[in-house]
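Listed next as structure tokens is one chain, alone, in the form predicted alone.
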Amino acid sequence: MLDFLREEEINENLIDEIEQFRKYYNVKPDLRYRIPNPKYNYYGKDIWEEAITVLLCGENLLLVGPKATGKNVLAENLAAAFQRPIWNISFHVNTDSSSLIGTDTFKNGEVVLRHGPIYECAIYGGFGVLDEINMAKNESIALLHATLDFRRIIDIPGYEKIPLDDATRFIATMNYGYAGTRELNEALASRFMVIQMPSISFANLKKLLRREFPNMKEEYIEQFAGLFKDIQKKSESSEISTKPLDLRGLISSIHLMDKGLDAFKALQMGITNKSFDSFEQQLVEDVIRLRIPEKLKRGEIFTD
């Protein structure tokens, strides 16, 4: 991961500080399986440098942005760069304190606390990814206030006060566009440094496709990157919804093409059919036809 950061020309002083962080904060051998090995890399020099600086300063990070801006990819990449075990917590309307911190259970005839993901992340110096944090009710995550601010403790009634490990960081993500989201509690928002995540640029999208598909012909790297940007423009202008705007779907579709499936059929499954409105499906198919021939075969896309 550090080699990748150097390829992206990230400030060398920041990379040096990451290496010092790694050396200073060890990871228990039985937790090393939690250190991620990302399938995708996040591209964006400025965002990388901002996020690294926030974490090196001991702050928590909130990544805000619409769909397909790479919020979770960046969070996973950061944990990999810092070589920290990661705990992923997906928030929803039924999230409560027991699902975050833990709940009482019987063990050897005694009532003990069965640790939740926030608790384990806190005591083992992990990176906690709080996914779609604005999906949960504000009152259910108010218990995190002391965990996320300068006190850095978990205080559970009936149990000892638990201080956070110095290496612990929390990275939250949120998207106002999803159904079920709500305004983030002001007190909670104040406990994060906030990065507004930009849409992936055309140049960085081509980098991603080249790395994922090294045998793809350059002309089709251009076309598939252009296709995604065309769909993005349609979505931003409210001509279509955000449902077909699916970068993971595009990449999965290209993998299907690499296995021999016709390009148009693969894109139907990965992009077009993500919308369940027939009129919108037709609009997306029209966008695809402008870029990708309907009977395009594998041999025309890939070099081997």
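Since the model is a prediction, treat every value here as computed from it, not as a measurement. Numbers for residues come from their place in the sequence shown, where the first is 1.
FYI, the form predicted in complex with a small molecule isn't displayed, but the following is about it.
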Within 4.5 Å of the small molecule in the predicted complex: all of Asn41, Val73 and Leu247, by heavy atom? yes
Proximity to the small molecule in the predicted complex (heavy atom, within 4.5 Å), stretch among 25 to 33, 233 to 241, 262 to 270, 248 to 256: 248 to 256
Which residue, Ala122, Leu188, Ile200, Ala79, has a heavy atom that falls within 4.5 Å of the small molecule in the predicted complex? Ile200
Under a 4.5 angstroms heavy atom criterion, identify the one residue in Leu148, Ala225, Leu208, Leu100 near the small molecule in the predicted complex. Leu208
Does any heavy atom of Lys274 come within 4.5 Å of a heavy atom of the small molecule in the predicted complex? no
Can you tell me whether Asn60 touches the small molecule? I mean in the predicted complex, with a 4.5 angstroms heavy atom cut-off. no
Distance check, Val54 to the small molecule in the predicted complex, heavy atom within 4.5 Å: no
